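Just the one chain here, laid out as structure tokens, in the form predicted alone.
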């Protein structure tokens, strides 16, 4: 079983939830930028939520399915079609051998995800199938997909097989489920998102005016944006005593402020340590909204407490577990 890449899109890579346990050796976690979108796509086709799928940025690929498959599309809205007909997002879809999936203009968001029952079965590297582009390993030969690539697909779970059997239609080339998760798990990306964050370890070193500006003023994502981080343009953020700092641990969502006063938000391919002051930390529940923001878009930050951030994270995890248990109950095998 395999997928044939007819057109790769702007940047399409194999991603799972990342490569954990090697940061002390300088190996980044990487993984899907919008991890919730990938997890939902996987659950919809009966996969474990860490199964590898495809992440596409701004312009999606064109793919031919060499055999019958069960798929799901989540994340950004790129006007997907199957054999030229519009197809739904955020739901399981059975596709027949020979069907072609294509993506049109991006309507909302930045990154779309494709999960296939059984998962993209490229080789594991350090326990993950995620592509680390800067180091050139993981995924398919450590690189973005190209036209002509063939991606192996693993064996479907029993749940995935049951979902596929429920959607099989010998008269059509594809058939989609009617059920979808709620908007809490599959929100439409917003044009000017509000990203919630907690103050970072060096927050108190910034002037009161800079602290107020960070929470009140909009910031624009500059073209210097990739899987490593977003550079933002907005009010200048200053530290009255601009002392040198020792390099310290950083993570996904850390907001650093270099000497120029314009913040950088670290993303999935962030480095393991950084020497810039850490003004804030984006909360885990808003990583998806951050990942779906595009260069040129404006965003604002909203201040939360750590307790509020933890409550939102737990609520999001509960919704994901609820989706998984609900699908398992309906398609019990």
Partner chain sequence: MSLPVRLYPLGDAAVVLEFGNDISAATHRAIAAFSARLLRQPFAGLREMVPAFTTLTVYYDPWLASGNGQHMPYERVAAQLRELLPVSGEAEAAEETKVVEIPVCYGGAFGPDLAFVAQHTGLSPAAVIALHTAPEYLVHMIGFAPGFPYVGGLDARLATPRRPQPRPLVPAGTVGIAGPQTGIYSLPTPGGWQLIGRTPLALFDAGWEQPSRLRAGQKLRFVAISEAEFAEIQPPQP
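Numbering follows the first chain given and starts at 1. These numbers were taken from a predicted model, which means no experiment stands behind them.
What follows is about the form predicted in complex with the partner chain, which we do not show.
Interface residue among 180, 222, 207, 248, judged by heavy atoms within 4.5 Å of the partner chain in the predicted complex: 248.
Checking 125, 96, 121, 188 against the partner chain in the predicted complex, a heavy atom within 4.5 Å turns up for just one residue: 125. Only one of 289 to 297, 30 to 38, 63 to 71, 274 to 282 lies within 4.5 Å of the partner chain in the predicted complex by heavy atoms, and it is 274 to 282.
When contacts are judged by a 4.5 Å heavy atom cut-off, residue 307 counts as touching the partner chain in the predicted complex. Using a 4.5 Å cutoff between non-hydrogen atoms, residue 88 does not count as a contact of the partner chain in the predicted complex. Using a 4.5 angstroms threshold between heavy atoms, residue 213 stays clear of the partner chain in the predicted complex.
At the 4.5 Å threshold, heavy atoms of residue 137 reach the partner chain in the predicted complex. Contact residues in stretch 23 to 44 (any heavy atom within 4.5 Å of the partner chain, taken in the predicted complex) are 23, 24, 25, 26, 27, 29.
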